[in-house]
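The chain below stands alone and is given in C-alpha cells; this is the form predicted alone.
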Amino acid sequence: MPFDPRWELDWSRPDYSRRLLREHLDQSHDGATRRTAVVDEQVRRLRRLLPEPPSRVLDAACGPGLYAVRLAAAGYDVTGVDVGPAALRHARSLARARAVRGRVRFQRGDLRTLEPPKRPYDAGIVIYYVLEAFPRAEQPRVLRRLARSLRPGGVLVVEMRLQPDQPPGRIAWWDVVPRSVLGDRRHLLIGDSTYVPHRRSFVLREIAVFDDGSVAAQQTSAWLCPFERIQPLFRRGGLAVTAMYDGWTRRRASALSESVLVIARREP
C-alpha cells in the first residue's frame, strides 16, 4: 500500500539518516544525491533560473547541503532545511570546509510544517523529486507552505518525475549485501518495486534478513503528478507556473518528458 505509515521510511530516524548519508555521498551512483560533477552542472543551470546573488534562497529538503553550499559559494544567502540529522551535520561541516558559513545556514524542519521566515526568501529550490514523496492530498499543502516562505513574485524551482525508471507492474530482486539503508551488517536484501500507471503510484519495498534471524523492512512511496495536472497543482499551492523544462535541459517539457523542472512564482 503506498504511503503505509507502518512501513514508510522515516527520513528523520538517526540510524536511517546516517545510512542514507552514505548513499548521498556515494560517487558510484545518482540514487540519492547526484554525483559531484552532475551537481556542479545543475547548480550552473540553477544560477540561470534564480535571481542574481546575494538573493535569499531556501533549499527545501537540502540533504547533505551539496547544492546549498555551492550556491552560497556563488554569493547567495542560503538556508537549507531537512529532517535528517546526519545530513544536516554533514552540510554544516561542508559549509565550514568551503568557508561559506556566513552565507549559509542549516536547520531541521519538515516541509509539511514549515513556518514562514521573518524575512521572506527571494527564491526556493526543491531538488530530486522531493514533492512526489508526499501523498497526493498533501502536495498542495506542501507547496502552499513553500509559497508562504517566498516574497510575492518569488521564484520556486521544483524537480518532478512524470514516470519512474521502470515499466508498469512489479519488479522483484534479491542480493546478499555487506550493508544497506536497513543495516550495517551483512544481510540478505529482498526488494520489489511496483508502478501502477492509472494510480500514478510507485512503491519501493525492501526487506533485510540478518544472520541471527532478525528482519527489518521499509518502503518509500511516490505519487507522480501527471503533466497536465502540474499547473493546477501549483495553482492550488498559491503558485503560478511560468515555465516547464524537459529535465535539466533548456527544451520545453511535454507529457513525454521523463522528468520536468518547474519554474513558478508566488502569486500576489
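Please read all numbers here as calculations on a predicted model, not as lab measurements. Start at 1 with the first residue shown and count on from there.
What comes next is about the form predicted together with a small molecule, which does not appear here.
A.B. asks: Based on heavy atom distances of 4.5 Å or less, which listed stretch (58-66, 204-212, 44-52, 228-236) is in contact with the small molecule in the model of the complex?
C.D. replies: In the other structure, the partner sits against 58-66.
A.B. asks: Can you pick the one in Ala73, Ile190, Val130, Leu94 that has a heavy atom within 4.5 Å of the small molecule in the model of the complex?
C.D. replies: Among Ala73, Ile190, Val130, Leu94, a heavy atom within 4.5 Å of the small molecule in the model of the complex occurs only for Val130.
A.B. asks: In the model of the complex, which of the listed residues (Arg151, Arg112, Arg179, Arg101) lies with a heavy atom within 4.5 Å of the small molecule?
C.D. replies: Contact with the small molecule in the model of the complex is made by Arg112 alone.
A.B. asks: Hey, in the model of the complex, does Val157 get a heavy atom within 4.5 angstroms of the small molecule?
C.D. replies: Although the small molecule is absent here, Val157 would stay clear of it in the model of the complex, with no heavy atoms inside 4.5 Å.
A.B. asks: With heavy atoms only and a cut-off of 4.5 Å, decide whether Val83 touches the small molecule in the model of the complex.
C.D. replies: Because a heavy atom of Val83 falls inside 4.5 Å of the small molecule in the model of the complex, the answer is yes.
A.B. asks: Looking at the partner-bound form in the model of the complex, is Trp11 within 4.5 Å of the small molecule by any heavy atom?
C.D. replies: Contact check for Trp11: yes, within 4.5 Å of the small molecule in the model of the complex.
A.B. asks: Please check if Gln219 has a heavy atom lying within 4.5 Å of any heavy atom of the small molecule in the model of the complex.
C.D. replies: Answer no; every heavy atom of Gln219 is more than 4.5 Å from the small molecule in the model of the complex.
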